[in-house]
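Below, in structure tokens: the form predicted on its own, a single chain.
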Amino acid sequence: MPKHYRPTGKKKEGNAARYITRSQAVKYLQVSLSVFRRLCIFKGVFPRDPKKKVKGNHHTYYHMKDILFLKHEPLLEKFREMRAYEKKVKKAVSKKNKDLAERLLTRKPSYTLDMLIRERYPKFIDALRDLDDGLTMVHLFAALPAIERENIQAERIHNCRGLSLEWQAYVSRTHKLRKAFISVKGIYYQAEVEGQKITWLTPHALQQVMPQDVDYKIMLTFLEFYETLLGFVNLRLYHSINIKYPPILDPKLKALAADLYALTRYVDAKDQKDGSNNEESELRLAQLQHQLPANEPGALMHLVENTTDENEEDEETRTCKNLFNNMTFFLSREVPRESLLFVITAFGGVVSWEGDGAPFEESDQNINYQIVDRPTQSHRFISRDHIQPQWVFDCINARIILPTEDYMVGKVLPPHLSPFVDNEAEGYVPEYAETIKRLQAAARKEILPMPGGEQDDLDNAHNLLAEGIIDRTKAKEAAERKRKMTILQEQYHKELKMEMEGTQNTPTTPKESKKKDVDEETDDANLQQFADDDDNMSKVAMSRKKRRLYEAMKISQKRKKDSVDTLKTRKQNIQKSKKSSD
């Protein structure tokens, strides 16, 4: 009898009983493949990769516990009811029974994902940790056009836009934004909410191209879940600062596509309403919001002062809050208004723009900076700086007000460095990063060492001055003395080692000394070979998994080193070309 023989009807064991293929799961649950996908997305069930694939490598496997988890889901019964309802409507229409079809259309079954949100995220901190993909998806669909053939409805687009602006309004008013970076894909943001770093991507305000090779049904299923999740998160965050949710926007500002500004106005108006004892209805508040003092900078972007927060502001939040404090910005019509409005207000600035619904005009004398993106201007104001949009993002990433000379209109901008990259860990620090580092040290009134020096050189100013006035001849003499001392020290260590081993120290002739020098050079040449052999011997003692992991680490280190060498070579070539041009 074979070793693994099992009689027919015998209970399965091992991976055969622990994992199930997707086709088997669909038959087991008695649903279609599309319904199974929706259930897996809503419940957070993902395929597994078992070590031993019983049915072959070309199948998708799920854990049997996950399938049993889906079997008892109440949402599964709702999907079956909706399937039966669609069949009834189709049958009534085919039989031309209009009365029955109309009655059925008024009784369409519906479902909500509220219980799923509470089930998957028992604590609020769990929802914040899983919010990155949701925010990116919601911001993506907020910028897409409504397409009927892909079942992308206009109502869903408006809902996504409202949720994204509510999130941005909260981050802006509480000054939780930490990083921003403009890339080809879009604009990356990172906020810190209740100790959790949340990163999301927003597309550029351009016409979006809809590719044909994307399954929008799956994306819409994810979007349906993320909309519910973001709605709950916004509700909790707004209640944490004593603001009622959902906010009611000013209809005039909403018609002018100034939704984010309308949300900030709502927060200010709600704060004034909470401070007074007069209780007004939400509709009356929305009707009277346009009567607020819009041309007063202090009433536009100031923080909600009377809101009670359990946690006090930390040092970084205070720094972000005061970065653009007492600064007024004006946005020209060609710059991305929403992103700059979000970023500047999150760091304590006051913003206006060119167009209807603006809080103040372009001719206001209190404007400090005007952000433009055109090489020529019809008129300029001498009392303000005309800068390009990159200056704002570089300032918030550096946490200081950078000089505006390099960001003036018509000038070639400095490199836009990513705040998500650790230059020290990568092994290459760009030149402009060094400049920003020195500006930050100057703002903190610190002294940094000279390029190529060390921090110990600053401990004694007299030594630093003495080293600075040594000429080249003295420097060469010092290097020669150091080399001779190193040779004598090595010879002393060798003699000491020979005495410990018990060998006699005989005087060496010039020929023997030359021979020793040749031997030392040979040893130096073979040093790398010895290191490689030692590395190979250590690999032999490793398991296969550890060896593959070690090789992958070596490959990644080599790639990083090659990229750093490429950057250094490019930098040298650029410097040579500049010198030759000069």
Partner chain sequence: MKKDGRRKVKDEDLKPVEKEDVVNEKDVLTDSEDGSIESPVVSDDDYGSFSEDDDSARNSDSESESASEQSEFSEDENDENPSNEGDLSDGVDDINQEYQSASEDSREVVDESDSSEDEVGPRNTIGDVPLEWYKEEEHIGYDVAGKKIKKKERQDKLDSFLARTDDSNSWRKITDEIEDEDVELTKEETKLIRRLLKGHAPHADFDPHAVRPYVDWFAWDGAKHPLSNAPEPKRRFIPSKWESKKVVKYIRAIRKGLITFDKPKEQPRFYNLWGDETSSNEKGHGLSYIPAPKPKLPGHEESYNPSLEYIPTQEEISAYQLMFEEDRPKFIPKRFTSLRGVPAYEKSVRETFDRCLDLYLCPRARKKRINIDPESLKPKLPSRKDLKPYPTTCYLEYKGHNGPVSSICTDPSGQHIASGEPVKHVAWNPLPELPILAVSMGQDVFLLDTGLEKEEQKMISDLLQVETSTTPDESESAVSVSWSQYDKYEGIRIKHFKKLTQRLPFKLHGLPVSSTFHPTRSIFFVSTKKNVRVYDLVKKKFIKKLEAGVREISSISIHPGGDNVIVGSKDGKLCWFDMDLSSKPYKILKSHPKDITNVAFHRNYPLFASCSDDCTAYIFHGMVYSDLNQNPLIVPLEILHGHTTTNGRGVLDCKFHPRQPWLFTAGADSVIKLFCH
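Numbering follows the first chain given and starts at 1. Predicted, not measured: the structure shown is a model, and the values here were computed from it. The term rigid core refers to the maximal set of C-alpha atoms that superpose within 1.5 Å between the two forms.
Below, we turn to the form predicted in complex with the partner chain, even though it does not appear here.
Interface residue remark: A92 is not counted as part of the site for the partner chain in the predicted bound form, having no heavy atom within 4.5 Å. Remark: L439 does not count among the residues lining the partner chain in the predicted bound form, judged by a heavy atom distance of 4.5 Å or less. When the partner chain is considered in the predicted bound form, K321 lies well away from it, no heavy atom lying within 4.5 Å.
Using a 4.5 angstroms limit between non-hydrogen atoms, F381 is distant from the partner chain in the predicted bound form. No residue of the trio A154, G195 and Q370 has any heavy atom within 4.5 Å of the partner chain in the predicted bound form. A heavy atom within 4.5 Å of the partner chain in the predicted bound form is found for exactly one of R444, K123, H72, R483: K123.
Interface residue among N242, N326, S418, N366, judged by heavy atoms within 4.5 Å of the partner chain in the predicted bound form: S418. Picking from 75-83, 92-100, 346-354, 184-192 the stretch near the partner chain in the predicted bound form, with a 4.5 Å limit on heavy atoms, gives 184-192. Of all the residues from 539-576, those having a non-hydrogen atom no more than 4.5 Å from the partner chain in the predicted bound form are V540, A541, M542, K546, R547, L549, Y550, M553, K554, Q557, L567, R570, K571, I574. Comparing the forms between the shown form and the other one, the C-alpha position of Y550 differs by 2 angstroms or more, with the core used for superposition.
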